[in-house]
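Two versions of one and the same chain are coming, encoded as structure tokens; call them structure 1 and structure 2.
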Structure 1
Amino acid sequence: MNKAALVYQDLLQKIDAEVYPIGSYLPSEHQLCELYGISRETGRKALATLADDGYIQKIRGKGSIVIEHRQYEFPVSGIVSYKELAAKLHIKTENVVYDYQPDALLPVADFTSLGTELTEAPVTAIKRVRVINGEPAIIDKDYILKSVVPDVPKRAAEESLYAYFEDQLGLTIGYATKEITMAPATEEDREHLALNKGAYVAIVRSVTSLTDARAFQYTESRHRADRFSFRDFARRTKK
């Protein structure tokens, strides 16, 4: 880990432990240099990351004040493995794979010099129900490009896909785009999520890419409306 990340970790831990409670100021940038034996720009990088993540607000002429920050929450936020979240929140969870197709096809948009083009790409298709504390809460439909991950064992889907990609295959997840919409529950939703007619579901569609910018996974998550919650922290961009 680099110096800036170490300072970030240390400050964050001290914020959580209320060494620096909400409303108080962190040490000044000059003080951080002395405290950690770093240059000012390095300390500033740590502070910038804390600000990006919503933990502090920097105020010119005054200092960096600790602000109320978002908590870890369930179940949609950034790119965190479902299993990682469940472990952090001490939630009993289980994945039930109810459809597994190791050789499926998915229409994929290709960016060519002439524009977008639709082609069919070989994927592994997996449908799972996330059972939280004994109740079915989410349906996940995953489509994983075989050109990047040739084989996804059913066992990996029952455990954690992310752990399989990162720990077993050594892939590094880079970024994802997500879209949240909502719609009336379908027959399939009602069956697997134990919903009544007229119920709604929140739908989260996401495309996940590696750090080398290869998109390799498309996911559609369908959440019970009464269990769905999403939190976001946003900064005002200068005009």
Structure 2
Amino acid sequence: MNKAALVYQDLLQKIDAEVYPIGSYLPSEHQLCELYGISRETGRKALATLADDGYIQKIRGKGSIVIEHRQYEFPVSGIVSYKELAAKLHIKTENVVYDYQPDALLPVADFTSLGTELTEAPVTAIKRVRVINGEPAIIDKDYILKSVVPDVPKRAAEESLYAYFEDQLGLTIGYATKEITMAPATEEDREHLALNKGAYVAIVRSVTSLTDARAFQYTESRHRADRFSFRDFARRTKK
């Protein structure tokens, strides 16, 4: 990792820890040089990356101000486990597994809109309710390809699938393709999310792949619409 990346990571950690809270200014390029023993160009690169990633806004004559950057707190834009989310946001979460099928088939029709070539491959099918601060908020339906992960213990589903994939199996998760739609709540949604008839849910479907480009996890997350909020950060790039 080069010096600019190291400075970026350190500043990012301090922003997340609110050493530099929203509305405050980061050290100037000159101050960064003194703090980290780097060149001005290195400090400039670190600040530019923070700006590109939506953490700061450069204001001429004043410096780099920390802006609202928590667009990835909810696991829609990025790839984050609920265990990681709970630790970051200091919220209480619980996974309630209500259906576990170690020998199922991938429901191809549910994921064709994501543009991948699919076959009815063997999967471990898991249905969980995500309880956040004591309230059922999300149904997650996960389908894990057995060709990549032959066995998924029920205990891993109750705790953290990502911890099992990465820490125990040594898999490296690379990226995910996602889409968001809205639909009327099904009977299953109403039962597990305590919804009234006529309610809607936000549906996030995703295909997650390893760094070697092998897709291995297909997920349908069904969110209570009254609790669903999607935020992202976009910066205009001039041609």
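Remember, it's a predicted structure, so these values are computed and weren't measured experimentally. Quick note, the numbers are simply positions in structure 1, starting from 1. By rigid core we mean the largest C-alpha set that fits within 1.5 Å across both forms.
The chain appears twice here, and it is structure 2 that represents the form predicted on its own. Put the two forms on the same core and the Cα of A225 is off by less than 2 Å between the two structures. Fitting the two forms on the rigid core leaves the C-alpha of E29 displaced by at least 2 angstroms between the two structures.
Superposition on the rigid core between the two structures places the CA atom of I38 2 Å or more away from its counterpart. Taking the core as the reference frame, the CA atom of R60 shifts 11.2 angstrom between the two structures.
Fit the two forms on the rigid core and the C-alpha of I15 turns out 5.1 Å off between the two structures.
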